[in-house]
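Only one chain is given next, in structure tokens, and it is the form predicted alone.
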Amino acid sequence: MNPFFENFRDRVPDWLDARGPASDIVVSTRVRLARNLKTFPFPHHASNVELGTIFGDLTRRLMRFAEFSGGWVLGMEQLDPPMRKVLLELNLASPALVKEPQHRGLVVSPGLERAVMINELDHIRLVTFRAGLDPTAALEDALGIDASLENEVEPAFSEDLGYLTASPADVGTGLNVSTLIHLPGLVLAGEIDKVLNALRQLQFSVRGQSEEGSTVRGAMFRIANLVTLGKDEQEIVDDFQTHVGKIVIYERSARDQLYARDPLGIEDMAHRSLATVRHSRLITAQEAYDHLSNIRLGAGLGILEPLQPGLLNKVLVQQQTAHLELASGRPLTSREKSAARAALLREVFAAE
């Protein structure tokens, strides 16, 4: 087994520690920079020999950087499908990287707060994470690594357009900023559609917790910028911070109004969900997302006793299918997944 996956349940990303700005509402912020090498065709046009050369060269260079010292090189074709899916559930890998594993892979930092996808849609997709709403810190980290890399390799760049990428949506800065945000107050108040429509008009995408097309569960939304051309990196991040910051304010107001209007109902919902995860023997994925959402809301409003920092973020990741199957050491039926998920939640919340 790859050393990365040994005791993987104890390998919790630093950015899930719930110690960042607005971490009662925002789980994490992610910055992604798309880059390509000037001297090679883009991955979808490159030969296997070229892809192998790119992968070998970039992994050697990146592992010499201080930011990745003590980290891992994860070649997709050397990993079993459940291991690849775990990386997908951690948001370290993308569906495109997992779907075509040959000569593709990751370089990951020890704290899992930095990763570089190699030969995905682009030669390089550099990703940095921060806890809470902190896009400026994530961007500074990413740009620092990007500058070091550009000292060693020449990127595909146009004076007129900026960085050249496989997707036209990324041309320019190649910058994608996203945040995973919990909005139960706006959902329960019936205001969520209005807020999401306003975001779309401002050229932000909205989806579920994972990648494109994922379903929204447990009032968890991933908000990301769509504009990468015509603005510099700091302008994109400042715009993102402003608009997502407004949503945080709206969510806090919606929670306070809901609790003021029906305190007993909100308290019952939070305590009932906590009792369920402490005692259930079978829990589906949808039920887990819903109950964890209610517990997170109750903890944020001070209804429940304080929980260990980051515990809800950690279990939100670990209750996913690939994590459960890898921990079990075998594929699980639908009922076995529900049983394994319930056992995990009982274990986690018994201590709380």
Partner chain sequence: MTCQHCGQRDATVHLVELVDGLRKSQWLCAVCAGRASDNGDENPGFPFGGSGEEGEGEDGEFSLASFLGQVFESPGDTGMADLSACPVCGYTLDQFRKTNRLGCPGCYEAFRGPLLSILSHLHRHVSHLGKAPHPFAGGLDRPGILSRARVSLEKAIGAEDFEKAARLRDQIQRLESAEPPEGDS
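Here the structure is a predicted model, which is why all the values come from computation and not from measurement. Residue numbers count along the first chain shown, from 1.
One more form of this protein, predicted in complex with its partner chain, exists but is not displayed; see below.
- Not one of P82, S178 and T242 places a heavy atom within 4.5 Å of its partner chain in the model of the complex.
- Among G218, P135, G71, G172, the residue placing a heavy atom within 4.5 Å of its partner chain in the model of the complex is G172.
- This chain is drawn without its partner chain; in the model of the complex, the residue among L282, L196, A189, L143 with a heavy atom within 4.5 Å of it is L143.
- The stretch from 196 to 204, 86 to 94, 180 to 188, 269 to 277 that comes within 4.5 Å of its partner chain in the model of the complex, counting heavy atoms only, is 196 to 204.
- A residue is said to contact a partner when one of its heavy atoms sits within 4.5 Å of a partner heavy atom; A224 fails this definition for its partner chain in the model of the complex, lying far away.
- Using a 4.5 angstroms limit between non-hydrogen atoms, R61 touches its partner chain in the model of the complex.
- Interface membership of M76, defined by any non-hydrogen atom within 4.5 Å of its partner chain in the model of the complex, is ruled out.
- The closest heavy atom approach of L37 to its partner chain in the model of the complex falls within 4.5 Å.
- Residues from 227 to 243 that approach its partner chain in the model of the complex with a non-hydrogen atom closer than or equal to 4.5 Å are V227, T228, L229, G230, K231, D232, E233, Q234, E235, in the order they occur in the chain.
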